[in-house]
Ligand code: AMP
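Before any questions on how it binds or moves, here is one chain, the form predicted alone, in structure tokens.
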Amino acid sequence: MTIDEMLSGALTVGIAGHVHPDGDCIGSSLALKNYIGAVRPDIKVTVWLEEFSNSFDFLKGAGSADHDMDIEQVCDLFFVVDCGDIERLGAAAKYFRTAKKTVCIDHHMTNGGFADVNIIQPKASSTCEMLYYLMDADKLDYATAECLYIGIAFDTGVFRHTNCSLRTMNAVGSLIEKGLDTEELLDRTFFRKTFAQNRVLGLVLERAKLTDDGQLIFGVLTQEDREACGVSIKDLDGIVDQLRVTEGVEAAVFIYETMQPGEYKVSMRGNQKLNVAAVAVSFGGGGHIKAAGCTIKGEPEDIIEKLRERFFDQLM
């Protein structure tokens, strides 16, 4: 079933992704909104996402994303993108529950299928890759192509991870042919950082802790640290990836305090040996073998020890 077919009979469409949206979540949400706007301008489309990094603001539709989610609306059709379960939708879950029809498009291996229509492809590099093949390529405009490219780039580590396949690169090649300035796109969203972001990265690296013969690395950032550096949660993209490239490390873990004191978001990246998704799932989270996350309450040192216990069997 294509996106065009899914839209049949709908006049109001909602789109949402997971909490703490990353590049693929943002890209897939905005790409879908832009595509629907191009092929079905009669449809009213609303994107509900938590606040995300200002580096994505140039993407078409980013400025109209609803971050507050305080309005009441019943959608004819509701798309869940890049999200493995209802709880990960956060406040946007209320729109999912009241929608007349729901569709989930996702590549998380932990997704058991919770919508009316479920398109789940764990072998896909990203949700944006999946969307490319669900859309009519002839109807893809520049704005949609930009969003899809960004999402694929983020979930493949700029086309370096093993989830990047021939199918992935065929999609990327077709998107580039829309006239994308790929160097500028990657600089603006993936590489370029503000001074405050570089400062907080330096702080995390300075305090980082290696354990288990250098196979695990942990970085911690408290709410107090964030305030001292002048950054918000949406400015923390890329820190866990910098931890991951430390020589000898099999898994990198970045633990940062949310707006709720004592509650920490845990972002994990794996290299060759470890399945970080299995660890995340054990704490009620989810993700992919090499990229996953969860939320844990407690003190940072206690959280680190709990995570090390979960990694223990895999490190043997």
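The first residue of the shown sequence is 1; numbering continues from there. In this text the structure is predicted, and so the values were computed from the model without any measurement.
The same protein also has a form predicted in complex with the ligand, omitted here; what follows describes it.
Legend entry - Contact label in the predicted complex: residue 44 to the ligand, heavy atom within 4.5 Å: Because no heavy atom of residue 44 falls inside 4.5 Å of the ligand in the predicted complex, the answer is no.
Inset, instruction - Spell out, yes or no, whether the shortest heavy atom distance between residue 265 and the ligand in the predicted complex is within 4.5 Å. - result: Close contact exists here: in the predicted complex, residue 265 approaches the ligand to within 4.5 Å, heavy atoms only.
Legend entry - Exercise: residue 16 in contact with the ligand in the predicted complex, heavy atom 4.5 Å: So residue 16 does not count as contacting the ligand.
Inset, instruction - Examine residue 244 and determine whether its closest non-hydrogen atom to the ligand in the predicted complex is within 4.5 angstroms. - result: Outside the cut-off, so no.
Inset, instruction - Have a look at 76, 225, 235, 85 for me and say which one sits with a heavy atom within 4.5 Å of the ligand in the predicted complex. - result: The residue in contact is 85.
Inset, instruction - Choose from 85-93, 157-165, 211-219, 184-192 the stretch whose residues reach within 4.5 Å of the ligand in the predicted complex, heavy atoms counted. - result: Looking at the other structure, the answer is 85-93.
Legend entry - Interface residues of 273-289 toward the ligand, as seen in the predicted complex [heavy atoms, 4.5 Å]: Counting only heavy atoms within 4.5 Å of the ligand in the predicted complex, the contacting residues of 273-289 are 285, 286, 287, 288.
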